[in-house]
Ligand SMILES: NC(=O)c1ccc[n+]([C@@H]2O[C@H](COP(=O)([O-])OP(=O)(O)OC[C@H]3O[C@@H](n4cnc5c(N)ncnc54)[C@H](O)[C@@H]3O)[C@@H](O)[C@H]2O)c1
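One chain follows as structure tokens, the form predicted on its own.
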């Protein structure tokens, strides 16, 4: 029960890595605000938590729209009377539209930036005041190994957004340290999630991915959720402004 009496706001919690994190946080005692753009998916995650004896509230909105983020956070605080954890999990990876700067349209560039970078900005803007009022808390951003290494198959808007998120993480960590608000970022490698599924269904491509990872396999969502749990809990009370790479050794090569 490492998150007993804590309230967590998790974006993109309707499926994949976000759902796994929401369920694990609830299992560890947190009351969870399940935020997602997909109403059905958010409701299903909340039901899973409640069936297992936890407490959850499903809220629906687009993280790239400030009024949606403000409304979702306000709904969670109204229901649970506090806020201690902001987990910026929502993101998009569009390899078919987000390519090299020579190929990506302005509209697609802006949409990827809006979800992957503006989303965490809005969550921080409207969530941090509640964390401070609750006595402090933890912000967990989700970066990517794409921000740490170049790739021949480019995803330049995604890569740029995740790189900028590293700088935002450090800035927030320093700005709010004296108010007992910590901020860290996780850099996952490839994970077995719905977002990655289109790129893993080809057995040859999947094998190629696995062969490029020293541990020889693709991560499961729970393995990333466990890193997030560490950062959300008091086990990481002296960790802020840090980057934790969870990529099976890919960037260590």
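Positions refer to the first chain, counted from 1. Since this is a predicted model, take the numbers as computed values, not measurements.
Not on display, but discussed next: the form predicted in complex with the ligand.
Undergrad: Quick check for you: of 49-57, 185-193, 203-211, 24-32, which stretch puts a non-hydrogen atom within 4.5 Å of the ligand in the predicted complex?
TA: Of the options, only 185-193 has residues within 4.5 Å of the partner.
Undergrad: Pick from 157, 169, 138, 89: which residue has any heavy atom within 4.5 angstroms of the ligand in the predicted complex?
TA: Here the answer is residue option 89.
Undergrad: Just to be sure I understand the contacts: of 75, 164, 173, 115, which is the one whose heavy atoms reach within 4.5 angstroms of the ligand in the predicted complex?
TA: When the ligand is considered in the predicted complex, the option within 4.5 Å is 115.
Undergrad: Checking a candidate spot here: are 8, 127 and 181 all in contact with the ligand in the predicted complex (at least one heavy atom each within 4.5 Å)?
TA: No residue of the spot touches the ligand in the predicted complex.
Undergrad: Is residue 66 close enough to the ligand in the predicted complex to count, meaning some heavy atom within 4.5 Å?
TA: Result no; residue 66 lies far from the ligand in the predicted complex.
Undergrad: Is there a heavy atom of residue 44 no more than 4.5 Å from a heavy atom of the ligand in the predicted complex?
TA: Outside the cut-off, so no.
Undergrad: If we define contact as a non-hydrogen atom of the residue within 4.5 angstroms of the partner, is residue 244 a contact of the ligand in the predicted complex?
TA: The answer is no: residue 244 has no heavy atom within 4.5 Å of the ligand.
Undergrad: Is the gap between residue 83 and the ligand in the predicted complex 4.5 Å or less for some heavy atom pair?
TA: No, residue 83 stays farther than 4.5 Å from the ligand in the predicted complex.
Undergrad: Judged by heavy atom distances of 4.5 Å or less, which residues of 115-146 approach the ligand in the predicted complex?
TA: If the 4.5 Å heavy-atom criterion is applied to the ligand in the predicted complex, 115-146 yields 115, 142, 143, 144.
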